[in-house]
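Two forms, one protein chain; structure tokens for each follow separately as structure 1 and structure 2.
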Structure 1
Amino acid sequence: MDFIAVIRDGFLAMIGPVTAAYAVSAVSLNLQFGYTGLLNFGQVAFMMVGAYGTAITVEAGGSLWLGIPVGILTAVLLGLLLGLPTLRLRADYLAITTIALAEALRLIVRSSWAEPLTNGVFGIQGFADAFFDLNPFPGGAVYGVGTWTVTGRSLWMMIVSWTVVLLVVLLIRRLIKSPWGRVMRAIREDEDAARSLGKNVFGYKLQSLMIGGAIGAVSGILLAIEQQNVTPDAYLPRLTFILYVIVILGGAGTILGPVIGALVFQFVFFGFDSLMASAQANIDWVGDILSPAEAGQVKLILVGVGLMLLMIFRPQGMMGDLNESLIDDH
């Protein structure tokens, strides 16, 4: 068993662009769930819409720099469309509608009917060349020490995506620390109270859904660029729930929680992969009872169990204030 390798694999995944993209998405989910109390169970739809908006624009002959705003605006529009019928209703309606719409959108994107636009199950590839053309690091070169290395391509992607994380966190910080953020938190606590104090609760929730949607789209675009690929089956509902784990792990309703959550989650998630691979290679009985594919599934079982346990026993997450979580709502 090579534990150093396990830690290395976890670490390299942790600092990678995918973690950054997850952090961005978690920050947006945190605005909705942690600060406004909205249950968006269809976050993956915003990411998908952002990614496809970008890819399709490039496919249609536009530049990547046009595609990105198109993707973001499409997600904002999706937030508006989702919010209009649901945000006047109880929280559960938004949850139901978002989870259903996300899955239905994926089926539509995947369908032959949408194929002229989305290329069906095959998706769209190679639309982000313009981004990698700007890469100042030689793509083939390797940076790092020993086996702790990343390629020039990854390094470029990492720098850009972690910069995006920083910008998004600063944006949310500014918003949340303002009176606007205070109204959001008031709505999370009790929307009837906020309403009785003259706050347009519906309008604020819509803003939260749309801003969160835009940031979610940014995350989807980062992932799509990193992979130079969009396919419908990358946007399964499970990604949304992984993001919930990240938000709650880090601390819902805290500024940095989602980022910390993403780092820790990715370290554990990929460290676990590496650990299982190493165990399967070196310990006979492990290989006997679990195939590599099953090990991946066991990991997802643990994600689900982890989400339950966190919500029950440590709802404030790593960054949250214990006192705050103990406050009685009644």
Structure 2
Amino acid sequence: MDFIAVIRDGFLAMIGPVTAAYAVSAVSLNLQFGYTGLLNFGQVAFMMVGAYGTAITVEAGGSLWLGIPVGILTAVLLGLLLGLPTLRLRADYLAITTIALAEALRLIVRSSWAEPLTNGVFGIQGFADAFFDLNPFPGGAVYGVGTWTVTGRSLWMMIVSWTVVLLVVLLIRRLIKSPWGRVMRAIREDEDAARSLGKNVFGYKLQSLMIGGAIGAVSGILLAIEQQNVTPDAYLPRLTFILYVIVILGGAGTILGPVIGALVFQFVFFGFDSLMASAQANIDWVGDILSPAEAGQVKLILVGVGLMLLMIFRPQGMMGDLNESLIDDH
């Protein structure tokens, strides 16, 4: 087997714009889960409304640069509407509500009666031309060394996406180091203690949900622009749980943990995918045991096993401090 090709495929996926979008979404989820203790199982809903808000605005005749803030504001509104009735309840109610809302929104978007607005199951395509018109790199050009290459289009998207990751990380760092961030961590550790000190716990939770939702919308917009496509079935609940894996892998309640988690997750995920494809092509007995479809699912099994081992041996994640971890035994 060509192990260099396996490493190459994992590396190129790791530095790609999809990984950057996942990192942005994981950072926003970490603000809610890692720093505030909110069990938001509907992160994919914020990504979806951000992407659709942008795409629908462009389809209606607006510019992409108008669509982006519209998508973000739509996610903020969703966070407000979601948080008002649920954040006064126990954490498990929020988890149930958010995952149900995310799936309900997806089904509404793909329904026949919403088709005039969302184009139903077919989604909206080709709405981000204005972004790629700014590309300083020739779209057909190839950059890199040997087979370790990316196209000019991908390079442009990578630069913009990772710049957004940097800006989001700096924003979160600023927030967490502020008095607002210290209140968030106090709420995570003990709501009653924070409330006894006169803090409006409900108001702070609502702010966290709305800010995290806005950042989640940015990640959805990045994915939609990169793919020049937004379809409802790209926003299945599985995506939210992948983001939780990324947060836990990197370390919940840490600044850089979600970014490191996204890099490692994508490298391992696509590296194993390439490894299984290479094994299918070069090792006879692998093909006899596993069909191509089954081989493609092995990476999901390995991710699950890896997450269980991580929870057993390093529950604080790669970058986390055990004393700060939400998932330790204390």
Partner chain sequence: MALALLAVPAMALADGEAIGGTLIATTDDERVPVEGVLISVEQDGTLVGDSTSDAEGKWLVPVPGAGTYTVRLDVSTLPDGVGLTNADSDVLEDIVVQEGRQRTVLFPLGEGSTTSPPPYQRFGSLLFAGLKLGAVIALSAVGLSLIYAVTGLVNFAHGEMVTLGAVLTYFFSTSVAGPGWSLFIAGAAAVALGAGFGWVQDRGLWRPLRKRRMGLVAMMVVSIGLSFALRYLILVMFGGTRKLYDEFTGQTPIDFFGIPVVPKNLITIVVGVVVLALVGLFLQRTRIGTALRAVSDNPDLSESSGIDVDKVVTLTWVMAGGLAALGGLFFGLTEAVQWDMGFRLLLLIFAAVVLGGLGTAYGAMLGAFVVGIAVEMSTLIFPSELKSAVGLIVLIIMLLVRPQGLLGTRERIG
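Since we're looking at a predicted model, the values are computed, not measured. In this text, rigid core is short for the largest set of C-alphas that superpose within 1.5 Å between two forms. Quick note, the numbers are simply positions in structure 1, starting from 1.
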{"property": "Label of the structure corresponding to the form predicted together with the partner chain", "result": "1"}
{"property": "M311 C-alpha shift between the two structures of 2 Å or more, rigid core reference", "result": "yes"}
